[in-house]
Every structure is written in C-alpha cells, then in structure tokens.
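Given as structure tokens, the chain that follows is alone and in the form predicted on its own.
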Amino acid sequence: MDGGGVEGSTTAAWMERYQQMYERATRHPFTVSIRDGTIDLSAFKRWLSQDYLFVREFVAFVASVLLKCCKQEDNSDMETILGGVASLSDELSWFKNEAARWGVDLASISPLESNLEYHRFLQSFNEPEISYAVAITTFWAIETVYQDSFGFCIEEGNKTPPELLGTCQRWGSADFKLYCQCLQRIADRILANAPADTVKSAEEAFIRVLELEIGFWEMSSCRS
C-alpha cells in the first residue's frame, strides 16, 4: 500500500490504522475479478452505468471543494483542484462513449441505493460549515481508492481482459497516481495546521469514503 504521502503524515497514519478497510476498498472481489480475467461483464456494465451517474454528482462535489479552496487565505491549491474539475468533462464523454460501445442506455439508468447513499454524502459538502480540510481530504481519498484499485488491474501478471484495459488505465495510470499523491500532500499540509476537531472530522470522512467505496463495489457485483 503506497499512497505516496510523507511517511508519518496524518493521511499515511490513517491508511495504516485502517489498513484492513482500505484493502477491502482497493482489493475488492469486483476489481480483483477484472485483474484475474474472471469479471462478469454484466457486473462491469452495471458499474459503468452507475459510475457515470456518480461522476455527474462528483462534478458538483469537486466544485464545492474548489469553492472552499478559493475562500482560503492561501488558495495556492486552486490550480490543482481546477485540473480535477477540467478532467471531469472528458471523463463524462468517456463514459458516454464506453456505454455506447457496451450497449448501455445511460438515459434509462437510475442510481441504485448504494449510489444514492454516496450522492447524499457528496451533497453534504455544499454545507458551508464543512471545512476545506475535510473536503480536500475526502477528495484525495475518493481519487486514491480508484487509482489504487484500477492500478492493481494493470500491474505485472494481470489477466485483465483486453476490452477492459482502457478502463483500468484511465484510473490506474502513473499520471493519475501522481495527481492523487499531489492531493495527498495538500491534504496533509492543511491537516497539519487544522484544529483537533477538524482533523477528527477529516478522519471520519476518510473512513466514510472507504465504507461507501466498498458499498459501491458490492452494488456493482450485485452483492447488496
């Protein structure tokens, strides 16, 4: 497990403390089955359609993180977060193209309960009382779980089906890992200067992301 943060940092300590839960989120049977080449393609299509709906909601969440950043006295993180916002337009186009390739009608899809639960969590960040520290930590955690999950699918020895390699490379790439590491360094810097209760809230948000990610994989696998 390598989140790329500074050894001994707050986020690194959490990843160690909650290692079992983190591994459940990043080595879930759903993504492991992609790596092993045993994925049920109907489950993959379910994930594809549900994740498209998630990303639409995620756009508003990242915008809320950007807004909180802009209100900071030091808003030097703005360009990094803005890069994440900009990439989401391309990501939505990618989902539409993939859905067409797989014969998935996105217009007829409704979010399943685990997805709705995640949506509600993301929407809560519109509240002004939620701090930038908690928001940027959550942003880092969400992106990192995906990077680690799909990065595993393209590591040496994988049997990932060729038609799914593009999906895995999208989030598992070295470039995306560098972006996640950049977000982690930002989160650690902000947390280092945050009050104890804010750090506690950020830790709770990190745990919640892991729970929701596990639930999302379960939903995609039809295990919930």
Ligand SMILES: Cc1ncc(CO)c(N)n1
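Note that residue numbering follows the sequence shown and begins at 1. Values in this document were obtained by computation on a predicted structure and should not be read as measured data.
Below: the form predicted in complex with this ligand, not depicted.
Though this ligand is absent from this view, in the predicted bound form it lies within 4.5 Å of a heavy atom of just one residue from 125, 132, 146, 152, which is 146. This chain is displayed without this ligand, yet in the predicted bound form the stretch 49-57 from 29-37, 65-73, 152-160, 49-57 comes within 4.5 Å of it by heavy atoms. Not one of 25, 121 and 204 comes within 4.5 Å of this ligand in the predicted bound form, counting any heavy atom. With a 4.5 Å cutoff on heavy atoms, residue 91 counts as touching this ligand in the predicted bound form.
Under a 4.5 angstroms non-hydrogen atom cutoff, this ligand in the predicted bound form lacks residue 136 among its neighbouring residues. At a distance threshold of 4.5 angstroms between non-hydrogen atoms, residue 171 is in contact with this ligand in the predicted bound form. Interface residue remark: residue 142 is counted as part of the site for this ligand in the predicted bound form, having a heavy atom within 4.5 Å. Taking this ligand as positioned in the predicted bound form, none of the residues of 186-205 brings a heavy atom within 4.5 Å of it.
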